[in-house]
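Here you get one chain, nothing else, as structure tokens; it is the form predicted alone.
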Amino acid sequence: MQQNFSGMAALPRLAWRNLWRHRRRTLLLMLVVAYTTITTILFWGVQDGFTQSVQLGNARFLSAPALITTPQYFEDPDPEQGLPSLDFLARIQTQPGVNAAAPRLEFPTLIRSAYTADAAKARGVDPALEARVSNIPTAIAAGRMLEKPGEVVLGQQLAERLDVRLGERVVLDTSALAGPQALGLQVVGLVQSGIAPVDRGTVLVHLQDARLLTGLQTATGVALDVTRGQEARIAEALQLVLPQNIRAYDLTQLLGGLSSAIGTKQSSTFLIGMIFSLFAALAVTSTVLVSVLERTREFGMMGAIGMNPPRLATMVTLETVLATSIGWGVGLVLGYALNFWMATQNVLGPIFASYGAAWEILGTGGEIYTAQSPLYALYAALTIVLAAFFSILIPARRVLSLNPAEAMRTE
């Protein structure tokens, strides 16, 4: 018997057998770890998904999930540096991950009412396509979206500054390739999104009117709706099918500093995740410690027949690692399955939307999905590492100090 205990190779087998000699305790330990793993995956999935939702929501209000334009226009948004041709449009619409493409023509303008005037940046759009790449058409609080040339949609606050109402007319003055131009348009819709730059500055006109005012017969850019969470990868892939003088930009490039500001909370979130894993590991350790206290007599008998304290402590640590690893595996399967479901079904959107205007200003819209990443499995594994570490420090140290003779007298 002593020879069997002396071999280190026998310890994993003995630890495995011990797990199933105490099924209830083992299942409880696995349940704790599986629950921790599931909640860790969901914690990071919701956190990253919410950040992506805020970025994507703002991108769909302020620009687009991805945009194709010239590098010159991206650096200096002058219509004269717009796209030389739209011949690539049919080709990119067939690329994997591209759900919709809508040409836009943006230009600076002076907008005049009967009472006052204000500077703004107008966006010429195709009314039939714009709703597929932008959230602005869904944020029209009064009136309707553009239907034909000769119409304009304004931000609510801009309309108030101009003192114009639905049905009244405004005049757009601009100067570009066509020289100084002016065009009278009827106000048909007012946008109220809760996002200040949108409500203060939105001027949507028909693409034909934008071309008439600027003299540019193509567009300054092509807005894209692409697969959620894949914006950067798809923008990079599109570069292979675009002409050399045209580039595709993803939402983080389009939002610039705003995107960085949204992502600045990642470090503090990681600290919260660490604390979460720490408490979960302590819960596992307390379960192991109770197990050790209940098995004092058993350990005393094992010591009496030749198993020395260091090997007893190693066996306890192995039992902890085996049980937590199984719980971790079960938690991964269930956690990623639940996270995948929440990444494809808008479960969180109605919950966050119930908070009203407090969430409206974030620009998330009514859709919030979780994110998916292999890193979440690594974050969840941190609980196992910490649990093994604490098991060495607390339960295993108790076993090391065990006196077999006294332990055998324990009831």
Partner chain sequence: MKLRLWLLSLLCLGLGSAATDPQAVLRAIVDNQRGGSVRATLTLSVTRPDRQTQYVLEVVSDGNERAVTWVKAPPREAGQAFLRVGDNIQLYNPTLKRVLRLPPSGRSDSFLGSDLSYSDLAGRDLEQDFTPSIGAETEGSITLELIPKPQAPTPYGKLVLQASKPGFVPREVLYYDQRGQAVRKITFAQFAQVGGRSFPTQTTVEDLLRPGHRTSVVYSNYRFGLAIPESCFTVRALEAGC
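Computed from a predicted structure; not experimentally measured. Residue numbers count along the first chain shown, from 1.
One more form of this protein exists, namely the form predicted together with the partner chain; it is left out here, but the text below deals with it.
Asker: Would you mind picking the one in Ala119, Ile272, Leu86, Met301 that has a heavy atom within 4.5 Å of the partner chain in the predicted complex?
Answerer: Result of the distance check: Ala119.
Asker: May I ask you to choose, among Asp209, Glu130, Asp225, Asp250, the residue with a heavy atom within 4.5 Å of the partner chain in the predicted complex?
Answerer: In short, Asp209.
Asker: Among 309-317, 110-118, 324-332, 195-203, which stretch sits within 4.5 Å of the partner chain in the predicted complex, heavy atoms only?
Answerer: Going through the listed ranges, the match is 110-118.
Asker: Just checking whether Gly184 would be counted as a contact of the partner chain in the predicted complex - the rule being heavy atoms within 4.5 angstroms.
Answerer: Because a heavy atom of Gly184 falls inside 4.5 Å of the partner chain in the predicted complex, the answer is yes.
Asker: Does the 4.5 Å heavy atom contact test between Val164 and the partner chain in the predicted complex come out positive?
Answerer: Yes, Val164 lies within 4.5 Å of the partner chain in the predicted complex.
Asker: I'd like to check something about Pro180: if you look in the predicted complex, is any of its heavy atoms closer than or equal to 4.5 Å to a heavy atom of the partner chain?
Answerer: Close contact exists here: in the predicted complex, Pro180 approaches the partner chain to within 4.5 Å, heavy atoms only.
Asker: Using the partner position in the predicted complex, report whether Thr220 sits within 4.5 Å of the partner chain, counting heavy atoms only.
Answerer: Taking the distances in the predicted complex, the answer for Thr220 is no, it never comes within 4.5 Å of the partner chain.
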